[in-house]
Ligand code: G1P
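Take a look at this one chain, the form predicted on its own, written out in structure tokens.
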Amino acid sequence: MTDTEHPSRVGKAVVPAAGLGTRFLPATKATPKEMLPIVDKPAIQYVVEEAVDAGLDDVLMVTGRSKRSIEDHFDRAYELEEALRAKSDTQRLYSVRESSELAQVHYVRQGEPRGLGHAVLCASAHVGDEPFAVLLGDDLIGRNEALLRRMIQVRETYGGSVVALMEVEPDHVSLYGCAAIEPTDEDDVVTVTDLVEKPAVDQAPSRWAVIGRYICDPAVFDVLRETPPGRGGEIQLTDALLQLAQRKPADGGPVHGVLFRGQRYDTGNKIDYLRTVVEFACERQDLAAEFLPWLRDFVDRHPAAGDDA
């Protein structure tokens, strides 16, 4: 389809960040889970950087109570900057100013945690009648993957909404929303015909799971306003997308999926968070030379659980 048929380009990103982070208590009692560091940078900064790399420099954070440190992180820290400047510590000065210069970052409060669909609905006044991206902070995508940029291209070609899909093991399907799909003429693009939120293994329509990247048509807002609470008493974004998947382009449909086979880091639970920190450290040129030999020695001295000592 042409740009005339889909004249509105994706220009804004929405980052839901109102969750309580209960899996990481007590660390998240006073610190938002989005601010937990991946080496020396909070996870949420990687998400904003991904949006900016895809050409989206207008970012709306949907926050909640006790999330003020997120706002502080993306604001200027004049006293700290002056102290670093006085020490001629230009490297650290750049690092603390970088987050405040990434994008135009805006904020809206989600009064109560009523699900991802409700968090997205909180963005309606800021987004308006434009397609927009949604990036979940639990999922970090490898810097060289360009997944979000590809999803924007698919939206420009087909219209409607776009979800990122990744194939998961059968025993993991109940952790995600899973999609029933039909092929298109493009190898990495499918049409989504059904979405089931966290299905039982024997009820999953496929092993293609929705991960935390979406391009949403603005029609999703009207659907979300009429979407009743679903699983867990929450308003599910997947329920709204399912309705859009059954619509024609003139009414906000359809929904396509981009099949992602690249590098994804899940920071939503402790084990995967630790794996992410280790992988990021091993990829850092300033750390790997010292960290990797120590890590190999540490593993050699600590056999896996169940192994003989």
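Since the model is a prediction, treat every value here as computed from it, not as a measurement. Counting begins at 1, following the sequence as shown.
Quick note: we don't show the form predicted together with this ligand, though the next part is all about it.
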* Asked: Taking 63, 107 and 123 together, does each of them reach this ligand in the predicted bound form with some heavy atom inside 4.5 Å?
  -> no
* Asked: Given that the partner is absent here, does residue 99 sit within 4.5 Å of this ligand in the predicted bound form, heavy atoms only?
  -> no
* in the predicted bound form, residue 114 touching this ligand (heavy atom, 4.5 Å) -> no
* Is the gap between residue 141 and this ligand in the predicted bound form 4.5 Å or less for some heavy atom pair? -> no
* residue 74 near this ligand in the predicted bound form, any heavy atom under 4.5 Å? -> no
* Structure fact -> Within 4.5 Å of this ligand in the predicted bound form by heavy atoms, the stretch out of 124 to 132, 218 to 226, 90 to 98, 191 to 199 is 191 to 199
* Structure fact -> Assert contact residue (this ligand, in the predicted bound form, non-hydrogen atom within 4.5 Å, options 204, 166, 151, 136) equals 136
